[in-house]
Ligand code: G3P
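Have a look below at one chain only, the form predicted alone, in structure tokens format.
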């Protein structure tokens, strides 16, 4: 039995401010297999790494990401809210993340808007060595991107509704993975994905007991805020199956 593929959810977000280079670098140092990050567009159309559409939760700014230029966004402090240790940490652009980590490990880019997806597709052409998966809860967004790129690796996020329909949709768009919330996973879901050759990676898992339970169901990957905890438990996760 293979060990679980570990995704660092917004980087190592338990020990560093989420979606920052500090969080991504910490996750890489902890030996994760992939980084998960979120994308929004600046007012002038640059893909920026931040989860919320607004600035106030994770920066010292106010208002919407979409209302600020890249220059304005890069002047914000994206680390002080987490700890004084990270004061001055900036919002990274997707280009910076691709330059630093593309080709080193897999990147899961979660998109919220189709316009951001179009810009991301354009940017990815400059980084042919980057191993990227596009994920979204917006199925129309995924369908639209599939119409633009027949081979783009895409993952279907799922947190509500009929999982059977969501799995069928994943098959219809030739997705490469299915990413459900941990409290919704069941053996039937995993079995249905297996029939379509869809690996299942589950979010967000920070406890060894939950990780063991999910691995017994047959999931292949875990998104975690705490890579250190699950990395140290990897041999136990495999041996318990």
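Numbering follows the first chain given and starts at 1. From a predicted model like this one, the values you see are computed outputs, not experimental measurements.
The discussion below concerns the form predicted together with this ligand, not included here.
Across the options 31-39, 186-194, 205-213, 168-176, residues that bring heavy atoms within 4.5 Å of this ligand in the model of the complex belong to 31-39.
Mapping the unseen interface onto this chain, residue 157 counts among the residues with a heavy atom inside 4.5 Å of this ligand in the model of the complex. Contact annotation: residue 137 falls within 4.5 Å of this ligand in the model of the complex, judged by heavy atom distances.
In the model of the complex, none of the heavy atoms of residue 119 sits within 4.5 Å of a heavy atom of this ligand.
This ligand in the model of the complex is not approached by residue 106, whose heavy atoms all lie more than 4.5 angstroms from it. Contacts to this ligand in the model of the complex (heavy atom within 4.5 Å) from stretch 86-110: 110 only.
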